[in-house]
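Coming up is one lone chain in structure tokens, specifically the form predicted alone.
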């Protein structure tokens, strides 16, 4: 391959521009005997050097014959060859298969085109068309061999028969610009001492500076897809007026994980092949409240509240066994019990998002450790219709609208429903959660009023993530198959110089929040608000949080409430709405 410089290419272009106003890069590559990509590289170098040429891109389609297509271009299509070799007196199928090239395919195509027919009496094949038929496929291949363009239908027919390869190439049409010349003077990038000393800078050209360039970005981390979806879940719950439950305990006693949920002690889910039991400490160190424990025991053994119970000898020793929680419903049970101890019941909406553990067989949709999204609404006379409406609203905000519900059985909910969403990659409905109404046998021992109902649901985080990010195997999302590049479209932090130049809106509104005078202004502002603006947390809240001195927070009740709550949003800054005073 010849070696060329930029000046050599400019000289060649000058010669081509004499006869043509526009030169295609493929023609230039042919003249220079270079690969097309090499010529494109020269073009970009010339453009970077100054106003020498202009370039307009377009897509050029090249069609080439495959080996089978080359044979057809030479000899005709398989059906034409078969027809040509059928004598006037006919031929048996056996003889045709022995003597005619590609007989099986040719016979099928010729029969479909009605060029030949098979006589049922003697079993021979005869020509149905006496005059030479038009060999359409053969003619298409000949056109390709001759370099002639194909019509859309001809190209589609050739591709259907897999006779051609179609390659699309981006080419550039080059035209001479006002500053065209055959020599290249590299522009200076710096104004040096030498250029100033002898006034040489006056005759030099300088490369323009790009003052808006961000420069080389420093190494940084990326958010995992699960974290992005978790943040989306959390924001949706908060928008819908839910309060987050504390889920810091991965270890729960079997009492809260199973018994408080009216799940019998002989239930298969409590076996070692489904649940991880702790060996040390094997039992919970603190008992549940004695009166509540006794009520749970009675409801299991003897029934109550119009229930017969399970009729077995309930064991406290079994209830105190420690497990890695199998669902965050254990947290829901604790929160409902606390709610029941209040003097006056208040309707409440709770949610949590955290890890749970089950002794599962690993496959493309199951892991032993995964995340569960738990939600519940405790209110007077809520129904299953309310639950379905809440779930549709929630998933619609996530962009998942294909939902269906299937009746199911749960020890602690009745009625119960499994939630399914359609996975476009797997082409099937995938279970993403479970839901239902908590049974009276679970709620009444806690002390909740009889006319209070609780709708609840446990949703997977991983499976909706698979649907949203079009992953077919859960191990591509969590585990050794996860590709770190999947998270690179969401950087944790990015410096925006335009934003830094602007006045901080928090400081403009309240002044320096390290001063007590300004903190009093903030405290007064928050006395009637949960957040600085709107009904949800915004970037303004996180910005203001960074300006407040922690040691001063406890002096102002409304600031303290707001400050502790906003601390949970600091890692989710870029996903929050902007907010505006």
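Numbering follows the first chain given and starts at 1. Everything numeric here is computed off the predicted structure, so don't read it as measured data.
The next section is about a form of this same protein that is not shown, the form predicted together with a small molecule.
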item: All of 518, 547 and 579 with a heavy atom within 4.5 Å of the small molecule in the predicted bound form; value: no
item: Heavy atom within 4.5 Å of the small molecule in the predicted bound form - the one residue of 421, 253, 372, 77 that qualifies; value: 372
item: The small molecule: the contacting residue among 265, 410, 235, 247 in the predicted bound form [heavy atom, 4.5 Å]; value: 410
item: Interface stretch in the predicted bound form with the small molecule - options 429-437, 236-244, 184-192, 201-209, non-hydrogen atom within 4.5 Å; value: 429-437
item: Contact flag, residue 71 vs the small molecule in the predicted bound form, heavy atom cut 4.5 Å; value: no
item: is_contact(residue 457, the small molecule) in the predicted bound form, heavy atom dist at most 4.5 Å; value: yes
item: Touches the small molecule in the predicted bound form: residue 334 (any heavy atom, 4.5 Å); value: no
item: Contact flag, residue 327 vs the small molecule in the predicted bound form, heavy atom cut 4.5 Å; value: yes
